[in-house]
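What follows is a single chain, given as C-alpha cells, in the form predicted alone.
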C-alpha cells in the first residue's frame, strides 16, 4: 500500500500525551504518514513517502468528533427561532413541527438533506458524526431516518423517545409501549444506540428507564438527553443504566456531579443550544475539576441549534463554559470519541483512522481567539483530502 505524507506541519495535535507535549500530545515540525484510511506513523517533518502534501507550516488537529447531532430531518423552524430571540422561551414541544415536515418528506428528500448537512460538517472539519432519528415518532418514518443516517455514519442513534407525538397526547404510556415494541424492532437493526429525552415536556424518569432497558435488551448502547431545561433525573439515570453519555447537562447539581465523576458516563455539553435558546450556560469548569469526563457536540437540529460548526462550539465553551482552549479542543475531538466509546477516532496516532483538520493558522488557539472566522483549510477523512480553501495543500487532490 502506498504511503501519503502530510508534511511540514508546524504544530500537530495528536491527543496522546505519550507522543508529544502536554495533554494534547503536541509536536512541532511534524509529519503524518497515512496508509489507506489509517495513520501509519507520526514522524518528524521530511518523512519519506510515495506522495506528499505540504501543510505549509499550518496547525493540524484530529478531525472533530460530533457525538450529538440530529442531521436527518426535513422542514425549517426559523420563525420559531426569530420568535424566541424576541422573547418567547424554548419549549421541547416545538419538535412536533419538524415531525410533521419529516413525515411528509420522501425517502429521497431525506437522504439528500442528510447528506448535504453531513457534507457541510465535513467542510467544517468534522470527520465523524453521530446522527439520531427522532423526527418521525411513528414506526415507518423512524425506520427511514435510521436508514438514511446509516448511509453517512455507523453511529446511528434511535431516538423514538424524543417527545410524545400529537396523536398520543395524554397517552404517554401507550407511546412508550410503541417505542419499546414495534418501533424498536424496526429500528434496532439499523442503529448502534438508543436515546431518550428525559426532561419535562418529554419523558419522566420511569418512562425513560423503560426505553433504555428495552434498548439494552435489543443490543443497543445507551445515551440520554438530560438536565437541559432544569434540574432533573437525566444525569443520574444515565449513570445508573451505564449510558455512554448524558447530553446537555445545563443544570447539574452536586449529586449529579458526584455520580458522573464516579462513572464512565461522559457529560456532553451542547453550548450552541444554550446560545440559541438563551438558556444559562453550564459550568463545565466545575464538572472537569470534579473529575467528570466531558465532550462538546453541536446538537445540530432545526429548532434549538442549527449549526454544524464544532469550531463555534469550541469558542463558546472557552468563553462561556469555563474551559481552557486545550480542554475544549480535547472535548471536541477525543471527548466525542469517548462519548461514542470509540478508540479509532479523535486522535492522530498509529492505527487510528486518518481523520484530520488542517487549520489555516499556526495555532489551535485561534479556534477560540478568532470566533466566526473560517479556519478549516482542508479536511482529511479516512485518508481522503477535502480541500476547503483553494490551494490550501500543495499537491492535494480534493475528493
Ligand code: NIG
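Residue numbers count along the first chain shown, from 1. From a predicted model like this one, the values you see are computed outputs, not experimental measurements.
Quick note: we don't show the form predicted together with N-(iminomethyl)-L-glutamic acid, though the next part is all about it.
Novice: Spell out, yes or no, whether the shortest heavy atom distance between residue 197 and N-(iminomethyl)-L-glutamic acid in the model of the complex is within 4.5 Å.
Specialist: The answer is yes: residue 197 has a heavy atom within 4.5 Å of N-(iminomethyl)-L-glutamic acid.
Novice: Evaluate residue 223 for contact with N-(iminomethyl)-L-glutamic acid in the model of the complex, applying a 4.5 angstroms cut-off between non-hydrogen atoms, and reply yes or no.
Specialist: Residue 223 lies outside the contact set for N-(iminomethyl)-L-glutamic acid.
Novice: According to a 4.5 angstroms non-hydrogen atom cut-off, is residue 136 in contact with N-(iminomethyl)-L-glutamic acid in the model of the complex?
Specialist: Residue 136 lies outside the contact set for N-(iminomethyl)-L-glutamic acid.
Novice: Although N-(iminomethyl)-L-glutamic acid is absent from this view, report whether residue 95 comes within 4.5 Å of it in the model of the complex, heavy atoms only.
Specialist: Result yes; residue 95 sits at the interface with N-(iminomethyl)-L-glutamic acid in the model of the complex.
Novice: Counting only non-hydrogen atoms, choose the one of 297-305, 310-318, 258-266, 113-121 that falls within 4.5 Å of N-(iminomethyl)-L-glutamic acid in the model of the complex.
Specialist: Residues of 297-305 come within 4.5 Å of the partner.
Novice: Do all of 70, 77 and 273 end up near N-(iminomethyl)-L-glutamic acid in the model of the complex, with near meaning a heavy atom within 4.5 Å?
Specialist: Every listed residue reaches N-(iminomethyl)-L-glutamic acid in the model of the complex, so yes.
Novice: Only one of 228, 157, 208, 127 has a non-hydrogen atom within 4.5 angstroms of N-(iminomethyl)-L-glutamic acid in the model of the complex; which is it?
Specialist: The residue from 228, 157, 208, 127 that makes the contact is 228.
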